[in-house]
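First, one chain by itself: the form predicted on its own, in structure tokens.
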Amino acid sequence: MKRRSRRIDTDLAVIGTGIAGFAASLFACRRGLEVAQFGHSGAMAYTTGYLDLLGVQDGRVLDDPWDGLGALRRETPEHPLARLPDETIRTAFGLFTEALTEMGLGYTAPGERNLRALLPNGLVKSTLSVPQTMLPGCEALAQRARTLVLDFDGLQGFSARAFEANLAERWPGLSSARLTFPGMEDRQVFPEVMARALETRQTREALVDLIRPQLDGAEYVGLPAILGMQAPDRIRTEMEAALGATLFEIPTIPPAVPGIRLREGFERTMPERGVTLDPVLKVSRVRFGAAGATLTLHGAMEDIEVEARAVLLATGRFLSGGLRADRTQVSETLLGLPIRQTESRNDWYRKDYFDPAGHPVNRLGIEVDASFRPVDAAGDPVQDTLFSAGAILAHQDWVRQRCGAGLAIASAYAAVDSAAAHLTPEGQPPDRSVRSDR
């Protein structure tokens, strides 16, 4: 069978479909740019759904992330977040959470202080914004309210009893129980399957009937994150009205429903915003020229060539394939970009696995200039039309610092701002007079 070929012309090609990639496409659309986005989004399913800005600084859990950013700028000025003013970060977070709410996934607006959010093992983390389905859990914890936490027969990786035990001292009003999920008796159950089952009214009503006898005066009921896939806020509201208690979700171990919701939500709504999106195809080659870049992709039945005036790289780190490590070095996998790294692999790690300073390998990545363009060893841009955002950037340890979403969202906003300025230097709309048909 003869392979088809297709050409796409666009202002900005976004490579990567994690939070940074989708944030970049969202911000670029708002700037009036034509966007084409490619990559795979499997890593997004590993998120809790919480949007961290900065939760830990120098080993201290932060109540005030904005004060923490001030300390970060003094102590680690090369950190990507430290290079951006608070106003830019606030704007980026606000636009991103508004977009999530518009797609049917309600999120809290970013405030002045971190929220104390619940984790599946009964621990608590500091985060800036949470899904509306999880906010009542923060409130119940703060109030030490009478709360029932539930798990289900056959569900692995989430134990209501362990959750209760780990929080018993600080939350005396907490209790736990185990139920059998309606229609899933005598078998292993999975959060995603339960969430899709709760899209049906019959399953919701059956679950409410099972929960009601367990309440015993509880004001709040905590569930693993299973309250539907596309309209969790509506499902929570409906079940609360029938139950007479406030429901909240707790993230499960990944891959988890909150991350799948984000992935499916973006894949569903970004084309509606005008983005040419293929979250399955990966870019195999990028060639830069005077007019921008040519991207090559190979699908199962067709070959695609993308002509882009600018490129934004948001491919992530090792899990999502943006970086690769061998016995001698860390490499960027698509363009062979220079990576800031130690001279020897022996210097990647500290002797103590739990060293409070973390391991140097976690801070390796792409160096960028003030416009978030990757630079070479001399500090010069590799390409004037290449920008980068997200976890692939150097000088940050997003896992230890609890800043993954903040890094992704804020750097995507800044990179798109620079790309838009490059593409529209006079602030005029992009010239699409020579665009070919898609």
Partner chain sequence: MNVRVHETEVLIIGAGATGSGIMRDLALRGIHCLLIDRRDLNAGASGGNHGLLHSGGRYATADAETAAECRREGEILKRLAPECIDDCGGLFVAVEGDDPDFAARFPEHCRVAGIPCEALTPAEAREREPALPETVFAAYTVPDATIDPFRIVLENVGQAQQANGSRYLPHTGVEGFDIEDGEIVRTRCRDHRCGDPVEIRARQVVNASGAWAEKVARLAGCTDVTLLCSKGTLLISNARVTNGVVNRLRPPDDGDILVPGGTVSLLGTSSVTVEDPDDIRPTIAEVDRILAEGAAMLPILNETRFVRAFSGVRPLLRAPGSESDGRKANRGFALFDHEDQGLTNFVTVAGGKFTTFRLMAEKAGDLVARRLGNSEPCKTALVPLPSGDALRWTDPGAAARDWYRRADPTDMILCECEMVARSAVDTILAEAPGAEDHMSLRAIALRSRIGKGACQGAFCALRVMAHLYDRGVYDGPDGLRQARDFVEGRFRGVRPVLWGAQMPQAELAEILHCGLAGMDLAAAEDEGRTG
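Quantities reported herein were computed from a predicted structural model and do not represent experimental measurements. Residue numbers count along the first chain shown, from 1.
Although not depicted, the form predicted together with the partner chain is the subject of the following passage.
Student: Please determine whether each residue of G157, N166 and Q188 possesses a non-hydrogen atom within 4.5 angstroms of the partner chain in the predicted complex.
Tutor: Yes, because G157, N166 and Q188 each have a heavy atom that approaches the partner chain to within 4.5 Å in the predicted complex.
Student: Flag E249 as yes or no: does it have a non-hydrogen atom within 4.5 angstroms of any non-hydrogen atom of the partner chain in the predicted complex?
Tutor: Judged by the heavy-atom cut-off of 4.5 Å, E249 is well away from the partner chain in the predicted complex.
Student: Can any non-hydrogen atom of F38 be found within 4.5 angstroms of the partner chain in the predicted complex?
Tutor: Although the partner chain is absent here, F38 would stay clear of it in the predicted complex, with no heavy atoms inside 4.5 Å.
Student: Answer for G59 alone: is it within 4.5 Å of the partner chain in the predicted complex, judged on heavy atom distances?
Tutor: The answer is yes: G59 has a heavy atom within 4.5 Å of the partner chain.
Student: Report yes if any heavy atom of W348 sits within 4.5 Å of a heavy atom of the partner chain in the predicted complex; otherwise report no.
Tutor: Heavy-atom contact with the partner chain at 4.5 Å: present for W348.
Student: If you check R340, R178, R234, R73 against the partner chain in the predicted complex, which one has a heavy atom within 4.5 Å?
Tutor: For this set of options, the contacting one is R178.
Student: Note which of L210, L95, A145, L119 lies within 4.5 Å of the partner chain in the predicted complex, where distance is taken over heavy atoms; exactly one does.
Tutor: Contact residue from the list: L119.
Student: Name the stretch, out of 136-144, 179-187, 271-279, 300-308, where some heavy atom lies within 4.5 Å of the partner chain in the predicted complex.
Tutor: Within 4.5 Å of the partner lies stretch 179-187.
Student: In sequence order, which positions of 384-411 have a non-hydrogen atom within 4.5 Å of the partner chain in the predicted complex?
Tutor: Counting only heavy atoms within 4.5 Å of the partner chain in the predicted complex, the contacting residues of 384-411 are W398, V399, R400, R402.
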